[in-house]
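The data below hold one chain only, encoded as structure tokens and taken in the form predicted alone.
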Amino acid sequence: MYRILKKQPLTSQVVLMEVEAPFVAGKCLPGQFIILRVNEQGERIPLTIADYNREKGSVTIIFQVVGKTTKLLSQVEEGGYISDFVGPLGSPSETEGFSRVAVIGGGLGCAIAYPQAKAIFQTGAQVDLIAGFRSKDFVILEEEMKACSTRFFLMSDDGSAGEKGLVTNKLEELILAGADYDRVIAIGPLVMMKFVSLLTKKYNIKTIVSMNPVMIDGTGMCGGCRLTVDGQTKFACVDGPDFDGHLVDFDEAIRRSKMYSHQERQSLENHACRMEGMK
């Protein structure tokens, strides 16, 4: 069992949890993830490690309440326990050897972009961090991202936070202004990562994206997290989650991400009905 040391709502639908997991905290690196179960009857879900404290033996996760399992997880209070917390899984992100990097985070993807930007910034590299959200109501980790970037740019679809516009608009503006990036890292919705990659391909800037497809065992055995990269089948859990954005088949990944939408909605509705019936 794994104890919840801290629980903090970041928005109405996004929650930060610090989990007591000393063995995971002792080995994890930016870009890796864990797989958890809320209880012994629950499903396994992957969540990226947002931060860690080796001395305290804790790992921070950030998740959005969108389905049954994240709903159940959000109901575990500080001091409570979850059943399983397995990791670190996946290959760590490359964070050394850069002089200037643009890190792009979209929505909840900022929770994954943040630890990568932090690790790169600590090496002494220049980091331009561009964070995009739908509106001010969805902004998370603003101060944390500012602290680990040379320049921070906040974008929103409606202009209610930072500048109005897309992250790709700001990225191209910086490139045209002379920013000589040796790497772009893009993490967020598949559509966002696709268009960032299309933009950087035009300027011949290597771009890394973090893929999070359907995942079950996290060890490469189930094949559920497969995606096509440079015409070859790869597994996000063991070959990634980081991949060259110019080689990922985003259209296929987007199609596969919608395969179980109906079942996910049905599971959440059934859970809500059971909870209502117990009142």
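In case it trips you up, residue 1 is the first one in the sequence shown, and so on. The structure presented is a predicted model; accordingly, all values stated were derived computationally and were not measured.
Same protein, other form: the form predicted in complex with a small molecule, not shown, and the subject of what follows.
Within this chain, Thr11 is remote from the site of the small molecule in the predicted complex, having no heavy atom within 4.5 Å. For His246, no non-hydrogen atom is located within 4.5 Å of the small molecule in the predicted complex, even though that partner is not displayed. Taking the partner from elsewhere, Gly67 is found to have a heavy atom lying within 4.5 Å of the small molecule in the predicted complex. At the 4.5 Å threshold, heavy atoms of Pro213 reach the small molecule in the predicted complex. Put simply, of Ile112, Ala186, Ile120, Leu171 only one has a heavy atom within 4.5 Å of the small molecule in the predicted complex, and it is Ile112. For the candidate set Val38, Leu227, Leu47, Cys28, a heavy atom within 4.5 Å of the small molecule in the predicted complex is found for exactly one residue, namely Leu47. Heavy atoms within 4.5 Å of the small molecule in the predicted complex map, among the stretches 176-184, 145-153, 67-75, 122-130, onto 67-75 alone.
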